[in-house]
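Before any questions on how it binds or moves, here is one chain, the form predicted on its own, in structure tokens.
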């Protein structure tokens, strides 16, 4: 019996010793300090990029963990203003009335270029359909309800379009993706602005709503005949067919990193970094392209603030390669320099 007790006691001591060694090893690897977690949230448009940046940055500075929550741009702005997150993210920059709700000056930093794409589920159609703003507006307003409608056929005369009902899929949550999409339709589709308006959240006339880009993705994939709008990375990652959209030069352009980067190529001066790319006149530009933004307080708590600024400086420099790998456009040099200069104005308490 004594032998059994001694054996049990020795095993317990050995296990305890191993746990202590593991703990001390992890503690030393982190330089004797616990990991600092910094929470932000908002844009699902930029979520794949920010999540990848956060993972990669752990290899640069393992003392900090960037915890990004893809809650949608509207929720991201609300949470940021309410101080429940340390930073926010939106594809639709904060408007003056939103900025006034904050208790402190705000910086809005562009981080990359994304694109809103039109995707559809037509098993018999494997080519990229051609669309323009008028047609897209007619579909999303319920005027065009069948895939073999003459207005779709006119732009795609060589495609055998099915006699299949159209199911519209849209964002049900407040979304920067919706803001960019409806701004585009307000410019290009007759009567859209007066009937439906533009912004992060509007009332669509027809269709099914899904939360986040993932929600719209699910609706499109599950419903033959469905059409929806989402960020390009989501569509590409899930191998969805994307429409070629007529740009401001009358050229139909398929979404690509090259095409959305071209959308920012004709900007030579910056008065305000909150600039729309929908008016691009570059011949190769994809017409529904947009910057995506990180929202920051200009005065931050010192420890977390310095870590966050370190992360963003890295993202605007080394992280731009990752952006292109994930099908975002890297920031043009003029915007990257302006963004870095803006970050340098942050003060710490």
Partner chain sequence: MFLRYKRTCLAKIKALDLNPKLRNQRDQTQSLSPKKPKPPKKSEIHFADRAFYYGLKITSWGIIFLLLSMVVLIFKMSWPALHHFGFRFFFNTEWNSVTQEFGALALIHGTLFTSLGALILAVPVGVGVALFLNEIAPRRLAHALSFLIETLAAIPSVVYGFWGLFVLVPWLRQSLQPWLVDHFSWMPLFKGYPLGVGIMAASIVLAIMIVPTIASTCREVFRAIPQSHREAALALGATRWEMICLAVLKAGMSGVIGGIILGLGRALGETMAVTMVIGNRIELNWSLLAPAQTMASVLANQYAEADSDLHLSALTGVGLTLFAVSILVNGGARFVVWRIERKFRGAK
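Positions refer to the first chain, counted from 1. Worth saying up front: this structure is predicted, and the values here are computed from it rather than measured. For the two forms, the rigid core is made up of the largest set of C-alpha atoms that agree within 1.5 Å on superposition.
Missing here is the form predicted in complex with its partner chain; even so, the following discussion is about that form.
Residue-level contacts in the predicted complex: of 93, 110, 174, 133, one residue has a heavy atom within 4.5 Å of its partner chain, and it is 174. Distance criterion of 4.5 Å from any heavy atom to its partner chain in the predicted complex singles out 202 from the list 202, 118, 189, 278.
The stretch from 260 to 268, 153 to 161, 244 to 252, 223 to 231 that comes within 4.5 Å of its partner chain in the predicted complex, counting heavy atoms only, is 223 to 231. Shown alone here, residue 142 lies farther than 4.5 Å from its partner chain in the predicted complex, counting heavy atoms only. The shortest heavy atom separation between residue 208 and its partner chain in the predicted complex is within 4.5 Å. At least one heavy atom of residue 219 is located within 4.5 Å of its partner chain in the predicted complex.
Using a 4.5 angstroms threshold between heavy atoms, residue 72 counts as touching its partner chain in the predicted complex.
Contact annotation for 78 to 100: a single residue, 78, has a non-hydrogen atom within 4.5 angstroms of its partner chain in the predicted complex. Residue 184: CA moves less than 2 Å between the shown form and the other one after rigid-core fitting. Relative to the superposed rigid core, the position of the CA of residue 214 differs between the shown form and the other one by 2 Å or more. Positional change of residue 108 between the shown form and the other one stays under 2 Å at the C-alpha, relative to the superposed core.
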